[in-house]
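First, one chain by itself: the form predicted alone, in structure tokens.
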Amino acid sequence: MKILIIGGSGGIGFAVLRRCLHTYPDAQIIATYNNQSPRFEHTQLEWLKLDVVEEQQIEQLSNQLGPIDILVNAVGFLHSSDKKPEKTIDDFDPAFFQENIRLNTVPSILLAKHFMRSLNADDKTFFIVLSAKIGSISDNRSGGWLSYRASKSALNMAVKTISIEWKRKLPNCSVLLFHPGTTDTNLSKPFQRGLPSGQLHSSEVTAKALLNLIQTAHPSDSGTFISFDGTEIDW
């Protein structure tokens, strides 16, 4: 078994990586990072540098790795050092909006484009993308966070569209969107104050839920949006 974790150096990605090492002791695991190579080492694990918005690098990686069984994209963007999600439309900045689209939407489309052949197998394969419930249009009751919401909604539509195409081309591949919930990582740190009791959970809880999804999902589930608690999220 070969598992590719895009963004394996991030909070959720690293937890998924460690969970995979425990769950699949015979698997070959490749994890990507963007800047500095993590110091964590394991005999099953190979770290590779990847810029997820550079199509040429993604294409080269797909050619390098060949067939894979599980691809998880754990890359996401919510805020920068000088920009936080919009509270009102007055805060809207086109450049910040484009950055959300560039990092939250485009990478998964490029990964699907270049890893489609890698996931074409007689046995079950998985293409799993981390999204967010905040990208659900029907669930939007509070407004705000326009750029992040829009980028995740666009991601959901893109992955849903890919899943429909792949039901014909890759009938054994489960294409799934996964909502990790409010996970205790650097991405959520500025927004953890005042959360209701029990809403915040560890990256280990998120990783366990994602691996449970992999172990229980079937190709017939392809194109669904699943929460960490196992429930399906409306679009």
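Note that residue numbering follows the sequence shown and begins at 1. Since we're looking at a predicted model, the values are computed, not measured.
Quick note: we don't show the form predicted together with a small molecule, though the next part is all about it.
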> Taking the small molecule in the predicted bound form as the reference, which of Ile68, Leu187, Leu61, Leu45 has a non-hydrogen atom within 4.5 Å?
Replying inline: Leu187
>> So the small molecule isn't shown here. In the predicted bound form, which residue out of Ala132, Val159, Ile128, Leu119 has a non-hydrogen atom within 4.5 Å of it?
In response: Ala132
>> Only one of these stretches, 87 to 95, 72 to 80, 119 to 127, 136 to 144, has heavy atoms within 4.5 Å of the small molecule in the predicted bound form; which one is it?
In response: 72 to 80
>> When the small molecule is placed as it is in the predicted bound form, are Gly7, Leu50 and Val53 each within 4.5 Å of it, taking any non-hydrogen atom of the residue?
In response: yes
>> Taking the small molecule as it sits in the predicted bound form, is Ala154 near enough to touch it, meaning that at least one heavy atom pair lies within 4.5 angstroms?
In response: no
> Quick one: does Ile12 come within 4.5 Å of the small molecule in the predicted bound form, counting heavy atoms only?
Replying inline: yes
>> Under a 4.5 Å heavy atom criterion, is Asn172 part of the interface with the small molecule in the predicted bound form?
In response: no
> Hey, in the predicted bound form, is Thr182 touching the small molecule, heavy atoms inside 4.5 Å?
Replying inline: yes
